[in-house]
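Taking the form predicted on its own, here's one chain by itself in structure tokens.
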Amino acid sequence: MASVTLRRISKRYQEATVLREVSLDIADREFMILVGPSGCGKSTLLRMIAGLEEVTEGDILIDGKVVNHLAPRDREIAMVFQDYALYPHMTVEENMSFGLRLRGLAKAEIDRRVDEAAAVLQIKDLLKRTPRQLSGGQRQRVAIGRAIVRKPKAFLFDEPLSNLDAKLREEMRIEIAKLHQRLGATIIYVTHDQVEAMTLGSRMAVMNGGIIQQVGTPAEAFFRPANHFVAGFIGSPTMNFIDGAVAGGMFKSPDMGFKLPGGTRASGPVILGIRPEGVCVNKTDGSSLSEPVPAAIEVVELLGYKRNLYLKAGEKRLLATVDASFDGKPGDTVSMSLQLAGIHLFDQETKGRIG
């Protein structure tokens, strides 16, 4: 396996800039997630690493060697695409061995590699079938197997589960995690799916507008987002935001006001962020909660073991996630407070984290 290093990578199409001086170090055997909304540049970045897109500026290094000038086949990297890209007229075995046959490997070596990969992915009984005889999950396993047999220095995954239904996505997510553990592979994985981003990677790079907004573990991005964008993008349901100002350790907005925890460095206009789990309803522990304010329940969603409450406090709407045992209904008025330990503060102008 290998490390992958991006040094000030930029990509432009005529007047449109897709990536802006992206730098990222991916360690040998690391599972790195590239996550962000559609159009943020994550798939373009992956294709540039693979050699399918040219670099406008900057360098891509694999194991410390600049590979900008190398053709895709010479970079020793395997890519798994969103649409599987299997040859419909070939069997599973032929699809998995195709690249090895092109490289002129001996038949015995090709058979050994295909057999090993098929065993790892539990598809040995499918080797004589064609893609049209396979389910979506089985096709994705074949696509992954085709990558494994090449024994690449790194695996690139471009939203590989987005065409699968929810149950299959869950199953394949577990299989990809197991695969990383078995192979000890360097993996760079593109997704916009929150669950994949939070559960698969050892680290994630959150992207927006062609720029990396934050690099860190999933826990770091969730609990200490670097800016307003990361806070709003990572986490489902999304974080609540309240415009206000801080003066003398007090947060004030048109609809609420309370004393912030000690040590708060913020002052002046801020954006307060609080996750739905941190919005409390009818709680009375004053030492850990903000001053309560009345709020009207507008909508209640039952999600199995929890409920989402859409609340309106004054003119501000907030989402609260509560236990399923809560029996409030639309039209009820409740006492709403915020968990002080869960509050995030962002500068209104720069959008950067300040508390």
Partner chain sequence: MVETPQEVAAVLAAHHRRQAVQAVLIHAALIGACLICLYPLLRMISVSLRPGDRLISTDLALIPAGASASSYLRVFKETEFLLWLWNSLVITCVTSFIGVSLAATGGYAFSRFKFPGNKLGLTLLLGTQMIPAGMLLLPLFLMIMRLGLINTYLGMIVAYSVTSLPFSIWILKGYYDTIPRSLEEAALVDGTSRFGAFYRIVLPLSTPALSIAFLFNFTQAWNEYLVARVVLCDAQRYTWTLGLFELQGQYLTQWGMFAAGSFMVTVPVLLIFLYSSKWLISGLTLGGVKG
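What you see is a predicted model; the values in this text were computed from it and never measured. Residue numbers count along the first chain shown, from 1.
Beyond what is shown, the protein has a form predicted together with the partner chain; the following relates to that form.
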Query raised in the report: At 4.5 angstroms, heavy atoms only, are A85, F98 and R139 all close to the partner chain in the predicted bound form?
Result: yes
Report task. Counting non-hydrogen atoms within 4.5 angstroms of the partner chain in the predicted bound form, say which of R29, K312, R307, R47 makes the cut. Result -> R47
Report task. Please pick, from L102, A247, A166, A106, the one residue with any non-hydrogen atom lying within 4.5 angstroms of the partner chain in the predicted bound form. Result -> L102
Query raised in the report: Might K153 be said to contact the partner chain in the predicted bound form, defining contact as any heavy atom within 4.5 Å?
Result: no
Query raised in the report: Do P237 and the partner chain come within 4.5 Å of each other in the predicted bound form, heavy atoms counted?
Result: no
Query raised in the report: Heavy atoms within 4.5 Å of the partner chain in the predicted bound form: does K178 have any?
Result: no
Query raised in the report: So in the predicted bound form, does any heavy atom of I242 sit within 4.5 Å of the partner chain?
Result: no
Report task. Would you point out which of 195-203, 178-186, 124-132, 211-219 contains residues with a non-hydrogen atom within 4.5 Å of the partner chain in the predicted bound form? Result -> 124-132
Report task. Let me know which residues along 56-92 have a heavy atom within 4.5 Å of the partner chain in the predicted bound form, or say none if there are none. Result -> P72, R73, I77, A78, M79, F81, D83, Y84, A85, L86, Y87, P88, H89, M90
